[in-house]
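Only one chain is given next, in structure tokens, and it is the form predicted on its own.
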């Protein structure tokens, strides 16, 4: 595989979107084929980065800074591998979910377009192309979220669309300031030229604020719960597991790479404080949620908060193995959440489709009628709580150790409280599912439809918990320091 194949994870889903639009009668078949090829190309690319150095190519026949840069390193490859496996699981699940529905004709082009933009975000090597991919990601995500056609879904996703545009404008304004000062938008060139200044600091604030809005960081999360809870299950899984990760990935990339010598301890503390608010508020609202999908949506708000707790720890930790562990643990938590939340939403979709509702207090009999689906919820829930041997357990352990080593003990209170609240809302769901009271409608499901949710949930525990070492290796670090 040469560096030319860097473009495949972007080109293949885009081609699939075009074909499913032109040939709607066989859209599910074409969609699954495109999804399989896209996933294989993403995993192959991850293997290439794992086995060697970072890859990069400049498209368009021009050199930098005029050409279109595409690059992959350990960080982007980690998220690309996660999106490949989660995206394939969502695609297989969607075939049965949309069977016999006209909504499937609209789902496949939009879903593959979203996947194109997502991979483009992970692989783009300049700030303006990142903006283009962010816009494409937001537009396709909002359209997918409104597929049910209900008034609530349309209203929620119109709000999501407007919020996303506001975030994009804030990001673009920061990019414009950077270009005015340095005359280039290529990340590799900028990392060599950028210096601390008022203009650079303003750019960091604008770009971070816009991306935080897209990542639904508290208190900018108001758009996420209704948009995710009212979308079809495959779309909810994609939005919570993948789309918000793209915005977080960019913040992490900018703060630890491009603006590493500009960001301050105070600014990192603000991100950490917002993350703490997200953990506590999101977990509390999830505990009080009446619907299973709404619980999962508020849980996403909380889980995003954990990712932002890493910023003050990374800022305070000096370079060395301990800081490498923190960075790898942050990536591990993001990847684990992607698998767990996708599995949770897909399982919740099966419950809603087969029971006719997703009201938590009326889930009695689900465990007996849908044991694999209930087991998927339990597995995904254990990863969201942070129970061993899930990947999030390892990440939280490293995070708590980092809080001790940097003297930021107050984050420990947030982590422990968030973990207890997560345990409470997951066990609340399971206690209802194992109840004996019958539901108004009998659970009847095809066992094959449960496989994608089960495999994704199982991956968050077994794959990422028992074999988390590859994340460290992919990022170029040694194993976690004990």
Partner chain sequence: MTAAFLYGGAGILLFALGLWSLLVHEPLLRKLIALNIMGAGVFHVFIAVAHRGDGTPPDPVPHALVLTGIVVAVSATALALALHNRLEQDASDSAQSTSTSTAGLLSGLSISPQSDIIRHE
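Numbering follows the first chain given and starts at 1. Remember, predicted model here, so these are calculated numbers, not experimental data.
Keep in mind the form predicted in complex with its partner chain is missing from the figure; the text below concerns it.
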Only one of these stretches, 341 to 349, 129 to 137, 87 to 95, 305 to 313, has heavy atoms within 4.5 Å of its partner chain in the predicted complex; which one is it? 129 to 137
Does its partner chain get within 4.5 angstroms of any non-hydrogen atom of residue 410 in the predicted complex? no
Evaluate residue 229 for contact with its partner chain in the predicted complex, applying a 4.5 angstroms cut-off between non-hydrogen atoms, and reply yes or no. no
Using a 4.5 angstroms cut-off on non-hydrogen atoms, would residue 143 count as touching its partner chain in the predicted complex? yes
Partner proximity in the predicted complex: residue 155 to its partner chain, non-hydrogen atom cutoff 4.5 Å: yes
One residue of 172, 251, 280, 287 in contact with its partner chain, assessed in the predicted complex (non-hydrogen atom, 4.5 angstroms): 172
Out of 160 to 189, which residues reach within 4.5 Å of its partner chain in the predicted complex, heavy atoms considered? 161, 162, 165, 166, 169, 170, 172, 173, 175, 176, 179, 180, 185
